[in-house]
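To begin, one chain is listed below as structure tokens, in the form predicted alone.
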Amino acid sequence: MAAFQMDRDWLVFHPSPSKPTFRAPPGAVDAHCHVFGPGDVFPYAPERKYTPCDAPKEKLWELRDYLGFERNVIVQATCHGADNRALVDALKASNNRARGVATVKQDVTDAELQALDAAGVRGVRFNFVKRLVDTTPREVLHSIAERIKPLGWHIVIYFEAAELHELYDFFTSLPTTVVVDHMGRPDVTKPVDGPEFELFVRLMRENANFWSKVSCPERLSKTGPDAYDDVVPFARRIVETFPDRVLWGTDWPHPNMKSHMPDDGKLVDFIPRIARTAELQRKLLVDNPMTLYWSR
């Protein structure tokens, strides 16, 4: 019997994704994915807002190879809280083919930060989506940001588009490179040149330390799989406007999806629709993530 039972409405990752027709360039990086548990080895956090299926590192490596990628950036999942043991275990087992983004608390020690760095962690994640985590005071987040800056780490921020106006000044005060998850989760029913998305574009344009992931069309789309047509204009605009500051990832195993479980092969086939040239594809999948995560 497993130590944890997944939520009754949890959607398990696709058991047999299609083989993508798009061939990623050599050295391609899946720059946003997760590992969950196994819960009987790496327990889920008592304060978690959800209990997922187990999604261990071996399954992630299998998917990476199947999709034609060479490396992963593993982002600490909120179900593990600030217990980064599952993440560190995966990084150490990756043969230098994975880097990590951790979650840390204010009381993290310098020795703990150094150990995470040695394992391959290159950033911390701040989550502002209230349904997923309890809000952390901004002064605490600032203190963490100052602690990680000497390590050369960056900050990953996860928020929803309607919250950007309130958070804008705080985000731009952060002292490191900042990576935005999933284009700030735009409402794709609104115009791509409308005021809401224009604020995100302004954030990117006026702050050269900001990067964006153009991932998760399955979370943003209202038209649904597998084309996710309504997301294309938003992602394409970011890729073509900021080609040196964009990243892409599968988001496997797709936590908290409620509408459907995406086919990871189809997600890979989404890439040439938003990065329409070989040069843009190489920047998105190889050059940019290698610069951010493997420069040392």
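Start at 1 and count along the sequence shown; that's the residue number. Just so you know, these numbers come straight off a predicted model, no measurement behind them.
Although it is not shown, the form predicted in complex with a small molecule is what the next lines describe.
Peer 1: With the small molecule left out of view, which of 188, 91, 77, 178 would have a heavy atom within 4.5 Å of it in the model of the complex?
Peer 2: Flagged contact: 77.
Peer 1: Only one of 255, 43, 243, 68 comes within 4.5 Å of the small molecule in the model of the complex by heavy atoms, so just point that one out.
Peer 2: If I apply the 4.5 Å criterion carefully, the residue I get is 255.
Peer 1: Flag residue 57 as yes or no: does it have a non-hydrogen atom within 4.5 angstroms of any non-hydrogen atom of the small molecule in the model of the complex?
Peer 2: No.
Peer 1: Taking heavy atoms only, is residue 158 within 4.5 angstroms of the small molecule in the model of the complex?
Peer 2: Answer yes; at least one heavy atom of residue 158 falls within 4.5 Å of the small molecule in the model of the complex.
Peer 1: With the partner left out of view, is residue 32 within 4.5 angstroms of the small molecule in the model of the complex by any non-hydrogen atom?
Peer 2: Taking the distances in the model of the complex, the answer for residue 32 is yes, it comes within 4.5 Å of the small molecule.
Peer 1: Does residue 122 reach the small molecule in the model of the complex, with heavy atoms at most 4.5 Å apart?
Peer 2: Contact with the small molecule, no.
Peer 1: Among 22-30, 255-263, 229-237, 59-67, which stretch has residues with heavy atoms no more than 4.5 Å from the small molecule in the model of the complex?
Peer 2: Among the listed stretches, the partner-contacting one is 255-263.
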